[in-house]
Each structure stands twice: as structure tokens, then as C-alpha cells.
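To begin, one chain is listed below as C-alpha cells, in the form predicted alone.
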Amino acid sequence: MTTMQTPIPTLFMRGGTSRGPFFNEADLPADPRWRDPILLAVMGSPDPRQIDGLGGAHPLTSKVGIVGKGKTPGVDLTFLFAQIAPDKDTVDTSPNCGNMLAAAVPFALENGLLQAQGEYSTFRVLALNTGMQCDITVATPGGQVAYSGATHIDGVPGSAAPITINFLDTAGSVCASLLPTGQICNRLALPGWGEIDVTCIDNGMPLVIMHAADLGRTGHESVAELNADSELRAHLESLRLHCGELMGLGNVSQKSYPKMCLIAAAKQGGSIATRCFIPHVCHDAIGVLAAVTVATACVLEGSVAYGLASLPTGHNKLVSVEHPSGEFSVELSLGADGQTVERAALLRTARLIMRGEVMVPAHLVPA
């Protein structure tokens, strides 16, 4: 065995429509000054192809999950998400990722951090990125994680065992509140374009939501079309930088949030159609917490999504968020006022792809 590299145990997992290596927090330095260079080496960043690491050269496949035992009463597990930029030397642990979150409990069960409770196991997970808690339920027949099943999520081929995520408190996950500008709708001047109405909202993920038609688009374009639309992307980035300041996020030029979301009337029988940017590349689907946030905007009177969305009646609403590769259903429970979201739940799947050790240059690991 060479002494020039150091092995670190890892499980390579898919969580929802994302994937990446998962680590036991005990196997990584706690200090980000040591940890982040290790994660960059693991993924092969900075390099657009990430040819020297495990990254998949795309934001959805350049993600890391770090899992540990809960340290506060009532919390079974902690989860820290890291977004690695393929072509930059940045490690962003500010936002959550609901897709990677779906693999946190399976990882912990595989590694002995948790023990199965029966045919189904439910554990409370604290997302360290934002302090958000959720209850995650996985199938554990015979005390083992079940990966095979009949649940299909758009953006992932085939089917798998269901994983239920019940978010407990998502409002103001990164921002100071659900509506960080203090208004449900802001009319902003877009240089070289005119005025545009946006809803700046954070119910798990900071988003800037706007009508695609206000930018001269349909909201049903393909991902390739939108990624090739340099004019649109320039307008969105200008708007994103401005809204970041309005949302109390400061200079967001080097941050992965807020995400920008174009909306339009649904065409496939859903509630609303979306095209979400993460933040500069159009998402092939939509992130878990972005879907929760869009669904929340749909039920808030006065938001840019409210009149556009097709919603069922009653205080329990299943909001079907259409995206480029299908749809994402979010179940919302509203309070007596019909405006307060008291619960958001959804289904995801996960799969263990590979178990082993990832090698990193020895000089990156503290003695």
C-alpha cells in the first residue's frame, strides 16, 4: 500500500435525483479548513470534467453527504450537505439538499449508526446546514434497508422502495423568514427589460419565482434550450444578485442560492410547471426543497404562483409540481387561516451504489 494516499471509508449513494459519496462525520476532520480540501480532492474539483475524482461533472452529481449521530435530545441523526462546484474550488454547506437527505437514514443503517426498528423505521434527522428537522421513514424488512420497491420518482429510471420525508420546520431555512423581503410580491426593474413581479420565498430553499412569460419565455422550453439561452441566463443572474440583497443574503455571486424559478401553467395535468436554475444551470428536474417552496408559493394568496396554480380545495393539498423530466408531488397541510403551511411531506427513493474507500492525497489529512 502506498503511503502517498490516505483511504477514507465511504458509501457512494443515490438520494432522490442526486448522487455522491456519503461519509461518517467521524471519518472526516471537523474543521472545514481541513475538511473542504479533502472533499474537493474526493470529487476532483476544480475541473469541469472532475476527471480525477468521483464527481459527475454536473451540479446534481457533485454532492456530498456527511452523517453523524444526533447530539441533542430527540434527534437521532445529523446530516450535513455539501455542494461541490465542478469547475471551482468551492464547498457550499449553506443550503439543504432534500434529495441527498433521502439517503441519510439508509447510510446510517448501513454503517451501524442506527438500528432498524421493525418493518419500517422512522428517525428524526437534523439538517445541520439550516437547523431544519424532519422525520424520515424507510422500509427495513428483516432489519435491513430495502432498496427494491414499486415507487417511481421522475428523473430516476425504474422504481425503488419508498422513503417518506416529513419536514417539520422549513420556513426561513437560510433566510430570516418565509418571505424575507417582507412582501409576498416584489415589483423590480430589470435593466434592459422592464419591470417584473417576483416572489422571494424560503420554505426550505431560497427561491426567486417569476412568470416565464414576463421574460418572454413559455416555461415549457427544454433544459438544453434554456441552457443555451444566454440572454435569459444573463437576465436571471442580474435579477438573482439583486434579489439576494433584498432577501438579506448579501452578495450571492459565489453562492448557490437563491435558485431562480420560472413558472407557467401546467400542461401535463399537474398544478404548476417549473423551470428551475441551480443557480446558473437549468435543473433537469427540481430539487426537493425547491419543490416544497414552489408548492408553498402556490397556496399563498398574492404570490406570483397563486393565481396560476391549479389546486384542490381543502386544507390538505397535494401540489403536483411539473418539471422538465416529469412531476414532483408535495403534500401540504394548511392551518385554519388557509395560508400557514403547517406540514410538508413527500416521497423519495435512494440506493446504495458502491461501498469502499476513496483515496485522497496524504498531505491533505491531518496527522
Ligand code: NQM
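Numbering starts at 1 and follows the sequence shown. Predicted, not measured: the structure shown is a model, and the values here were computed from it.
The next section is about a form of this same protein that is not shown, the form predicted in complex with the ligand.
Taking non-hydrogen atoms only, Ser173 never approaches the ligand to within 4.5 angstroms in the predicted complex. Residue contact with the ligand in the predicted complex: Arg240 places no heavy atom within 4.5 Å of it. The ligand is not drawn, but in the predicted complex it has no heavy atom within 4.5 Å of Leu262. Among residues of the shown chain, Gly98 is one whose heavy atoms approach the ligand to within 4.5 Å in the predicted complex. Among Ser121, Asn129, Gln83, Ser271, the residue placing a heavy atom within 4.5 Å of the ligand in the predicted complex is Gln83.
Only one of Ile209, Ala295, Ala108, Leu289 comes within 4.5 Å of the ligand in the predicted complex through a heavy atom, and that residue is Leu289. Comparing 90-98, 232-240, 72-80, 177-185 against the ligand in the predicted complex, the single stretch with non-hydrogen atoms within 4.5 angstroms of it is 90-98. Along 57-74, residues Leu60, Lys63 each place a heavy atom within 4.5 Å of the ligand in the predicted complex.
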